[in-house]
Every structure is written in C-alpha cells, then in structure tokens.
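Shown here is one chain on its own, the form predicted on its own, set out as structure tokens.
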Amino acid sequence: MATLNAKSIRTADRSSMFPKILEFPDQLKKGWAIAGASPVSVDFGSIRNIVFSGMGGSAIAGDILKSVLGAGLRVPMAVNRGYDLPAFADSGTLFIASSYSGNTEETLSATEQAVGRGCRVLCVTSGGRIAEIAESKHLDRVLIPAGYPPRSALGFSLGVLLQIFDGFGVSPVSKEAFDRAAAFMARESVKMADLKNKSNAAARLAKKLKGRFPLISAAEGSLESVGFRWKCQFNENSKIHAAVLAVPEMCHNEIVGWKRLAATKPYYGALAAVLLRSPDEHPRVRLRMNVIRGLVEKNRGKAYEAQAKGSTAFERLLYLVHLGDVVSLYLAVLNGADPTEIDNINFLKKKLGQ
C-alpha cells in the first residue's frame, strides 16, 4: 500500500509534475509581468461581449477569470469549449484564444472563425499554429513559457489574463492586491508541500479520498470554476473519475441520490461528498452546504470540507485552486499513478490523427 513521503513521491512522479504545480504562485507573478511587457491594443470600451475559447488546462483560466471578474463585468462572457463560435460573436466580440500548445484543433477552428467574423482576437499561447496565425494576421499575442503539461501552467495564463483585464479597468484585482495574493500563495504552497506537518490539509484530504469517487460541491458562480478544476485534476493527475456539482442547483436533484438502497450498495460506499467552503458564500448557500453535509452523514455517507484561507475573496479562490491541485498529486501517489501520464488522451489523439 502506497504511503505519502518523499520517497513515494519520487517513485510516482517520474516526470516531475510536483515541482511544476508548486510553481503556481511564481507562475502567477511571471504571467502578470509577461502580459505587462506584451501591450494589448484592444479598446475595451467598444467590446459588447467576450468569448474565451480553449480546451482542458487552457480553458480553465477562462472559467476562473470569469469567477474573479464576477458581477462587476458588465458585458456577457462565455467560455467556449468546442470547434464553433456562438452565433452572436462578431466585430463587437473580444475573442481570447487560449491554447497552451498552440495546436489545439478545437481552439484553432474557433480562432479561424473569429478572424473571419472580424472579432477582436487576443491569443494566449506558448507557440504553435495559434502563434503563427497571430503573427501573420497581426493579432494581439501573449507568449507564455513552453515545456509544461498544460494543466501545470495555469498560473502563467491566469496571471496574463488578470493583468490584461486590470488594464481594461474591469477587474476587482489591482496590482497591489495581486502581489499580496501571490505572496500569500507562496507561503501556503510551502505548507501544502510539507508532509512533516500533521495538519497538512492537502495530504489529509488525499488520504481520505483514496479509493473514493469525489462528488465536489461548489457555490455557483464564485467557486464552481474551482470545483471544475478539482474535477479535471483528479481525472488527469489522480487517474480517477470525479464530478462537480453547483450549489444551489444540486439541491434540486443530486442530493436525492444520497439514499442507501439495496441496488446502490455496490458503489454507495465509494462516494465522497467534497464541499468547497468559503466565507464568501451567499448566506443561503452556506445554509445549503451545512444541510448537504448533514444529509450525507445522516445517510451514512462520507462528507469532507475544504476550507478556503486568505484575507480576500481573490486569495481564497487561489488557495482552493492550489489546494485541489496538490490534493490531486498526493492522491496520484496514493493510487500508485504517475500524475503526468495521459496515455488515454494520447491514444485518442492517435486515433483522431488516423
């Protein structure tokens, strides 16, 4: 049975995913600096809507950005995961192409359509075909460091986007607030990496989730994007299935499934409710979360909470993002899996290429 220690991490982490994920705070700062040195010529005052297009680890930055901007963003923003642009995209659209490799076929397709429709296009990539299109079409382009699995480069793209939207004057995160948050996250990242600390929240939760199917509950809007990040990191790093459930929506359907029946006995015991908690919850969401946990435990299910830390809503969001990343890595070790390996995705790409 695998245990969590420096040796077991070295054995499982054959391609060094751990140090890349732990770079998150430093990546944020580098991303902000890179964007500052890559002026964007978009006149945001003429923008009527935003379409952020990406897949996998390149798309999640758009989800998180949307959560950070929140209700203060006065134009609609859609995160597009697919080949085609929504019908409303036109010359009043800010289209952000986010492809870490620059060769994601879905994002390439959407980008070509955006150029054809006269959208204002901004490309965030490390190179590839997207960078070539940006150069040939004289599009705004921000290049981030190459050489990372896309899911481990979130800090770069998120830092870039936060700096750009601060420049647009529509972000609640100022340069000063960003710097404080990055420093806070650097301190917290060290704590999450310290396995000698018995109160290490990431290691403790990973141990509780071993052998279980996480059902992640997160507040709609504010933390749903973080819950989706957890789900994806469990999938790719830990090699397990997971689901994210938005509150309050899940209170109208999913909670009914927390009922022990003879027919569900084979899998019920493997379920685990994981509640992402923050002081920023709507009061009614807070009440619902408390009821959900009580209901799960009443039905002899497992329920665990991940409590946000930080002095601002932005810091608390970043903390939960990073906590989920580190939990997924520790769970990979406990599962005896290499967190970097994505053989199934490579198999799919090979088949598509044929």
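Numbering starts at 1 and follows the sequence shown. These numbers come from a predicted model, not from an experiment.
Below, we refer to the form predicted together with a small molecule, which is not included among the displayed structures.
Stretch from 292-300, 26-34, 42-50, 57-65 whose residues place a heavy atom within 4.5 Å of the small molecule in the model of the complex: Among the listed stretches, the partner-contacting one is 57-65.
Candidate from Ser109, Asn235, Ser101, Thr264 lying within 4.5 Å of the small molecule in the model of the complex - any heavy atom: Exactly one residue meets the criterion: Ser101.
Distance check, Ile342 to the small molecule in the model of the complex, heavy atom within 4.5 Å: Yes, Ile342 is a contact residue.
Lys349, heavy atom within 4.5 angstroms of the small molecule in the model of the complex: Contact with the small molecule, yes.
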